[in-house]
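Coming up is one lone chain in structure tokens, specifically the form predicted on its own.
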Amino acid sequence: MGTLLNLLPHLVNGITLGLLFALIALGFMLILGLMEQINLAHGSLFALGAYFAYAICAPRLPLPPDVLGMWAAVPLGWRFAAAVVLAPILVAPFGLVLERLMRRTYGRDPLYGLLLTFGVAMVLEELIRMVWGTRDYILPVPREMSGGFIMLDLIWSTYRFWAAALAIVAMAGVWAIVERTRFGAMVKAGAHDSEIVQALGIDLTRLRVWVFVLGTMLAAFAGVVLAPLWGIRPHMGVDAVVPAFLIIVLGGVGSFWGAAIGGLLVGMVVGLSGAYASEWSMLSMYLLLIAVVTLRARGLFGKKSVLEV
């Protein structure tokens, strides 16, 4: 019983981390599944969401002094709620510009898209440094969401549970869009056979734009949710895009449940391995990937994709 109780915090933290990893991967999955393009700028959009949230909460907005003073007087809870809603909206135009740039790469060797999005990621990271500098920031959270509480004679982080709840709500919203709307049906059809979708009179270009915007907003939302846990720094996008890509390959390209379950598996493996050997915690997710793709190259729920030769 004592051993199980000692493992419980690591298991809970692993599930929480897995939900957050899955949230990052979902936006990545939508873009890769429909466009068959690996968006290496996804992590930079994630970071941009965190920085916009900090600008709203801190506040560091480019407003007249009197207006800024009035905004600073608003309770932190309302400012944090505004950041959760507004930061993804503010990042969406960056996704629109990126999608417009990527149009030249559609139907060509995926290497062109990789190089383009890698360049955009570097530009966004330098833009962040120009605007906010190189120092680290911490996103403030409302008093009701900060601190900890005692349960089973253990101290638990309150915000981790809030972050997990926000991730579940966002994932449920994405599932409803993908599985229960006409838009979601078109996205899945476009990912399966784009030529048939075009033959049915569906504007694939417009569909790609909306999918890219949704994926961008999910990345920014994940940045807001994870900022209080990870901190905010210019290169934080790298910490997000690598696990996201790993989860997509692990779960299967284009699969919603693959991203969700893959994220949970990665989080639990990282959390539980950290209980015994912290130096193996991050390495364990790569070992998990090797084990899965060795047995099933397409991932747990994957179908044939451009990642297969």
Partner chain sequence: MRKSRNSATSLSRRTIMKGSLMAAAASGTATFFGPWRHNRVWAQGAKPIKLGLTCDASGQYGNSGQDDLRGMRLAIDEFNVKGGVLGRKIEWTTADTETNPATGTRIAERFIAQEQCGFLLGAVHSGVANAITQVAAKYGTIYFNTNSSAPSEAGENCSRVKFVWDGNGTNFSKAAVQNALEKIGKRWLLLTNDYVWGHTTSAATKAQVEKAGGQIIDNLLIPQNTRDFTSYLLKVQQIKPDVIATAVGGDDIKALRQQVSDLRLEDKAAWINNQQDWPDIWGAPETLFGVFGTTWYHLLPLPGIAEFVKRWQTAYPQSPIPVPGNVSYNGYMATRELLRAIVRAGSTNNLKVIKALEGHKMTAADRMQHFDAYIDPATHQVQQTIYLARRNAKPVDKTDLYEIISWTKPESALDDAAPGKCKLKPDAEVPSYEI
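Because the structure is a prediction, the values reported are computed rather than measured. Positions refer to the first chain, counted from 1.
Keep in mind the form predicted in complex with the partner chain is missing from the figure; the text below concerns it.
Comment: the partner chain is not present in this chain, but in the model of the complex one of G147, P75, G173, P93 has a heavy atom within 4.5 Å of it, namely G147. The candidate spot formed by L86, W210 and I261 lies out of contact with the partner chain in the model of the complex, as no residue has a heavy atom within 4.5 Å of it. Contact with the partner chain in the model of the complex, judged as any non-hydrogen atom within 4.5 angstroms, is confined among 123-131, 213-221, 76-84, 162-170 to 123-131. Taking non-hydrogen atoms only, W230 approaches the partner chain to within 4.5 angstroms in the model of the complex. None of the heavy atoms of W71 is located within 4.5 Å of the partner chain in the model of the complex. I24 falls outside the set of residues with a heavy atom inside 4.5 Å of the partner chain in the model of the complex. Contact check for G274: a non-hydrogen atom falls within 4.5 Å of the partner chain in the model of the complex. Residues of 235-268 that come within 4.5 Å of the partner chain in the model of the complex, judged by any heavy atom, are H235, D239 in sequence order.
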